[in-house]
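Heads up, the chain below is alone and in the form predicted on its own; it's given as structure tokens.
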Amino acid sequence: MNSLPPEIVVVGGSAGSVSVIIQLLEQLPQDFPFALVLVIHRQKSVPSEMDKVLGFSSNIEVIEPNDKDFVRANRIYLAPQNYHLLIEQDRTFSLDYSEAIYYSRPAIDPAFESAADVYGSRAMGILLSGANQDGSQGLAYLVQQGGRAIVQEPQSCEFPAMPLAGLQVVPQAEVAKPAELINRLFSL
């Protein structure tokens, strides 16, 4: 197991995940030392103000990054609606408009995979409530690259399909209830 704290934490979720993310943001200290990237499934045909909704829960601004913005510690990034959010080797964001994955864009799998490619053992992936399998393969890849995986306890999910798929592919992932996530982020 990696003994270094993460440089980047990617949180992926879908149906039932927003309340968990809000709880996490409310507890996040202002001086957290990593980049926090949120990838949440949203309907692409409906205008979204998710960044503002989540921003109300945090003392730190929630930013939808632009293409080629640098990934910085102590920032909260939200994958923009209708784009996959990737991280490039020069540690900048890339907005990708390729095919939807599990009917979703942004999708969680490519975000986990690109974070693992760049940050390796300093990447952490957290997979939350959702109704499909997005995120499970990306989480497996992240662990293969030395990263750390946390999956929301399926019994605590409104929609457990996504965490169950994650645990099926990554059985060694840590399992946490929503109230435990904040402590897990800082447990190293």
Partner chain sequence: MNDGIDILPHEIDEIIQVIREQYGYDFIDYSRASFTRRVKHCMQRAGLKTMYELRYHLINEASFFAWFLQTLTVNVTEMFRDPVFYRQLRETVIPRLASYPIIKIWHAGCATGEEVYSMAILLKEAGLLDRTRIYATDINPANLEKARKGIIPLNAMKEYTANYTRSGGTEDFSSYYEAHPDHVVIRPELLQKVVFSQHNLVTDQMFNEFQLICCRNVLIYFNKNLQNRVLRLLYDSLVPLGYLALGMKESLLFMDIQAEFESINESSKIFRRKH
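Since we're looking at a predicted model, the values are computed, not measured. Numbering follows the first chain given and starts at 1.
The same protein also exists as the form predicted in complex with the partner chain; that form is not shown, yet it is the one meant from here on.
The candidate spot formed by Gln23, Glu61 and Tyr103 lies out of contact with the partner chain in the predicted complex, as no residue has a heavy atom within 4.5 Å of it. Checking 148 to 156, 119 to 127, 24 to 32, 135 to 143 against the partner chain in the predicted complex, the stretch whose residues place heavy atoms within 4.5 Å of it is 135 to 143. Shown alone here, Asn74 lies farther than 4.5 Å from the partner chain in the predicted complex, counting heavy atoms only. In the predicted complex, at least one heavy atom of Asp67 sits within 4.5 Å of a heavy atom of the partner chain.
In sequence order, Leu86, Ile87, Glu88, Thr92, Ser94, Leu95, Asp96, Tyr97, Ser98, Glu99, Ile101, Arg105 are the residues of 85 to 107 having a heavy atom within 4.5 Å of the partner chain in the predicted complex; the partner itself is omitted from this view.
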